[in-house]
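Before any questions on how it binds or moves, here is one chain, the form predicted on its own, in structure tokens.
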């Protein structure tokens, strides 16, 4: 069963299992079944509505604004708070994104950005409106 962590993407799935052997045995008047389970590969993937190149560019801006090391991983699902960003850092990230993409974000929408994916999706939306 999958549970939705955020609005559109961060899905987590429990490992799937499949019965590979079933044994039936009896003890007196009672019948019992025994199952052997094996792990199946998870087929769940996380996708983002924004283009991969937009997500990559947002990741680069976030790394630059937060002065992250080259080895620090930033993905679409990365939350700014998890990278140590406070509200001022988030404002600086938004300003960096506006400059990098040559756009202007509405303040009310910019305040709701918490992840790289949300930023990339908002940028895609603004770029579509701009075109």
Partner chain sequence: MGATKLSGMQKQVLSLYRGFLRAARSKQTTEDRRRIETIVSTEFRKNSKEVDRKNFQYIEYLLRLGHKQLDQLKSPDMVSISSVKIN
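Values in this document were obtained by computation on a predicted structure and should not be read as measured data. Positions refer to the first chain, counted from 1.
A second form of this protein, the form predicted in complex with the partner chain, is not displayed here; the remarks below concern that form.
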Position in contact with the partner chain when the complex is considered in the model of the complex, options 77, 49, 68, 91, heavy atoms within 4.5 Å: 91
Non-hydrogen atom within 4.5 Å of the partner chain in the model of the complex for each of 54, 61 and 72: no
Contact flag, residue 110 vs the partner chain in the model of the complex, heavy atom cut 4.5 Å: yes
Contact label in the model of the complex: residue 122 to the partner chain, heavy atom within 4.5 Å: no
Contact of residue 83 with the partner chain in the model of the complex (heavy atom, 4.5 Å): no
